[in-house]
Structures are given as structure tokens and as C-alpha cells.
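A single chain, nothing else alongside it, follows as C-alpha cells in the form predicted alone.
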């Protein structure tokens, strides 16, 4: 039996990278998708592909750093569906900079996007998740949420905060039948990763990196486990002899 058939899932950052791969994988298994992201054109293009698979895909343009847009999305979903089975936080923002010189305003923006936005969206949608037979929340984090290399203190701090958020939230809602998964991907071939390589002055070779589809398949395997099991954390990295 396919657990995903007719399940309702919201994926943020669904226009590209890991978010798009996750949404596409869910659609291929029969989920009804709500796609959220800043670029409506990319969302619609992804949604068209998913509808060609036979899935339902509704697009919502949203900047996860803006409370008003998060609240509007929550209000819309509360009126249009009676429950939500899967919530995936894949939207994120990255800026490099040493602590001695990185502008605080970039720290604030990364915090709003990487931590506060997912917190508020989860809080607003929690009643819908509780109405599912087994609600599931996935936080797409980063290896920066496990350690903090030089030059990314702001970003790493937000990802460490997201780790803490997920761990505490899990202990709060497990008893209500909700599973919570944190995923810590290493360098993954995506538009964001290309920008990071450019900032680092390195040659971008996506074929040597983790692929978005690799992350998606790993996450879906965890989501499809029976109710007797919960995967809490997944650390996944590129595997290449030349990386």
C-alpha cells in the first residue's frame, strides 16, 4: 500500500533545489501538493509537471521572512483543507561573512528566513497537522546545523537554532501522533550551492555533489515508515572519490 496516496503536503522552497525534488517525489506517489516559494513562475512550472503526473498542485507565492504572508497562507489553508499530513520546510537563505565584518542586517534576515519563518508557519499549521492520522514535519537543515565552519557564523547559528527548534518540538508533539524529522544535507547541487561556490571562488561541478533527488528519496523513505518507528535525524553527504 502506498502511504502517500491522497495525502496533503505543503513544501516551502518548492521552486528549486531540494524543495522542488521533494515536492516532485511526493507528487509521483499520489500526494496533493501545496507549493510555496518566492518565485511564482518557478512554482507554476514545477506545478505543471506535477499535474501531468496526475497530482494536484496549488501554488502560493510567499516570502517566508514576512509574518503577514505566512499568516495569509495559514488562513487560506485552514479554509481550503480540513487537515495537513506533511509539512516540509525547505526554504532557506545563505550569506557568507566573517563575524568581524558581516552586517548584522544579514544576520537578521537569515534568522527571519531560516528560523522564525518555519517556527511561525509550524505554529499556525499545527492544528491542521493534529487532525491528520499521523502528521509529519520535516526541517531541511544543513551540515552547518551540526558544526560551524569559519566564515558562516550567521548562517550556522540559524541552522543550529533550527536544530534546537525541531528537537524541542518533537518532544512536544510526539505524544499527539506527530513525527518530526531534521535533515542535514551536505553540499547539494542547487542554485544556492552554485552561488556559494562562486562566493568561495571554486569551480562548481554539480555532478560531484549530492543530488536533490537523493535527499528526496531518503526523506520519503523515512516518511513512509509505519507508525511504530520515527527517524529523527538524517545526515547525508556527497559520496565521490574526487570531491
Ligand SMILES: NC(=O)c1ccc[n+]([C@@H]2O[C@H](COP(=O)([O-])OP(=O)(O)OC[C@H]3O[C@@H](n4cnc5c(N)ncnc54)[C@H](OP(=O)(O)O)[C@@H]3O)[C@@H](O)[C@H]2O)c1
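Computed from a predicted model, the values in this text were never measured in an experiment. Numbering follows the first chain given and starts at 1.
The same protein has a further form, the form predicted in complex with the named molecule, not shown here; the description that follows concerns it.
- With the partner removed from view, the residue among 57, 64, 180, 26 that has a non-hydrogen atom within 4.5 Å of the named molecule in the predicted complex turns out to be 64.
- None of 121, 91, 166, 87 but one reaches within 4.5 angstroms of the named molecule in the predicted complex through a heavy atom, and that residue is 91.
- Across the options 99 to 107, 141 to 149, 72 to 80, 125 to 133, residues that bring heavy atoms within 4.5 Å of the named molecule in the predicted complex belong to 141 to 149.
- With a 4.5 Å cutoff on heavy atoms, residue 191 counts as touching the named molecule in the predicted complex.
- In the predicted complex, the named molecule sits within 4.5 Å of a heavy atom belonging to residue 18.
- Taking non-hydrogen atoms only, residue 47 never approaches the named molecule to within 4.5 angstroms in the predicted complex.
- None of the heavy atoms of residue 217 is located within 4.5 Å of the named molecule in the predicted complex.
- Counting a residue when any of its non-hydrogen atoms is within 4.5 Å of the named molecule in the predicted complex, the hits in 33 to 53 run 37, 38, 39, 42.
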